[in-house]
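Coming up is one lone chain in structure tokens, specifically the form predicted on its own.
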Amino acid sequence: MPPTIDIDSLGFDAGAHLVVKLALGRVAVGEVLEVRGQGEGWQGPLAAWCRSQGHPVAFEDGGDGRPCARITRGAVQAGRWRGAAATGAIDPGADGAVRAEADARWGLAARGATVEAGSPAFAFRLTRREDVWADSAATLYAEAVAAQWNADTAIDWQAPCDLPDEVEDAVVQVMTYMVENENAALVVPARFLGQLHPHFREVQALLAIQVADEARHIDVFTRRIALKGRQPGLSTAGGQASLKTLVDEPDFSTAQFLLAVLGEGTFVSLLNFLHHHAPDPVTRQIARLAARDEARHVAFGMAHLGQHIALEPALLARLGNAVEARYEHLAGTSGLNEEVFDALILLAAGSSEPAAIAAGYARVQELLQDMARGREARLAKLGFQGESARRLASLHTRNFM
């Protein structure tokens, strides 16, 4: 005997369709569901609903003086399911979950949802998986969520910080420089975030938390500037010109390469340097926490580019050309401003005595070499060979970012 349900006197204008719909969901395609009712005229609305949903229905005497409807579950999608689009799967590790191309008409639907035909097209520019994807995006996002820190509690703002005026001025100048670079590191992923199809939600989430990281860095660098009542220091035309090339870069992979792999990778070295040589505990804590965040940003850039290059080897040459083009564009600028360079020397020196300054200068030179070695290692990991990696590492902007 086929399964039977009784909708009693429940009308189709009061939810009887849901009772039938749920019961049909429990039978296989081609199988029959019997429906009985006690209300007046329920057969007409049931027949209309079945036609709209693609389920054949026939009425007969139920043997108890009441009519009985025999509904055969249809195989053809009907109603809102007709022509609906499948959009991958929720688990990014499942086969076919993340599609090679995200359809504009999937819009803002959750990946894996079935999207009704006729949904509006959204003008997301970044719709190709290879242009944005990294298999590690979900893991990096989870790590980023776990590593979030509160600037009010993670940093001891009451720690002793009584520095000589020239040392405090040096810290303020370095923090001023850090703020404008972090502004660029915030704006670039934020701009692409609005262009990224939500089908690639793991990358979307990771970029969003990177933006939050940079906003927090800007906050703590600014608070360190104001800690002793100072105003920010100098921002140079050369520094602004260097950062503008990052903000203006239209290609996602190239921007990741210039910003994350070269720029933020170099900044990890700088932040580690500041953590080691900062003259006060507040600056040391800030540098340590920011360096940890920046290392994750670099990790995503490396993961994405590694996968993109594997799929499109010609990308490697384009990235090399982007470094050379940026170098030529900035050839007439001064690069790292003298105030920042001198401030780093003073912080590394620990005092203004000639012998200390000499040691501080040597430490800054070691920093520059460490930055160059780091860039060369990352370039080599992406596939640039030997002299090519060394040359491109040396062409990176003197402004560090």
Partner chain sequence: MTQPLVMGAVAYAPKVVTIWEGFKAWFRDQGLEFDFVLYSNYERQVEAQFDGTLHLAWNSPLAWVRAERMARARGLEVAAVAMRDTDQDLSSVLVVRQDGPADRTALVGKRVGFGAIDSPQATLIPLDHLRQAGLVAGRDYTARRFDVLGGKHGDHIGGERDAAQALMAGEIDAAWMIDGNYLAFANEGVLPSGATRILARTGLYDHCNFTVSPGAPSELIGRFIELLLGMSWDDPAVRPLLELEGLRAWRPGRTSGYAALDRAVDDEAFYDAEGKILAADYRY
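Positions refer to the first chain, counted from 1. Not measured: the values here are computed from a predicted model. Rigid core (definition): largest C-alpha set, two forms, superposition within 1.5 Å.
What follows is about the form predicted together with its partner chain, which we do not show.
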query	finding
Contact label in the model of the complex: A117 to its partner chain, heavy atom within 4.5 Å	yes
Partner contact for F384 in the model of the complex: its partner chain, 4.5 angstroms, heavy atom	no
Any non-hydrogen atom of G30 within 4.5 angstroms of its partner chain in the model of the complex	no
L22, heavy atom within 4.5 angstroms of its partner chain in the model of the complex	no
Contacting member of D64, E60, E353, E40, with respect to its partner chain in the model of the complex [4.5 Å, heavy atom]	E40
In the model of the complex, segment of 341-349, 44-52, 360-368, 22-30 with a heavy atom within 4.5 Å of its partner chain	44-52
Partner contacts for 337-359, taking its partner chain in the model of the complex and a 4.5 Å heavy atom cut-off	none
Is_shifted P45 between this form and the one not shown (CA, 2 Å cut-off, rigid core)	yes
Per-residue C-alpha change between this form and the one not shown, F12, threshold 2 Å, rigid core fit	yes
Threshold 2 Å Cα movement between this form and the one not shown for C68, core superposed	yes
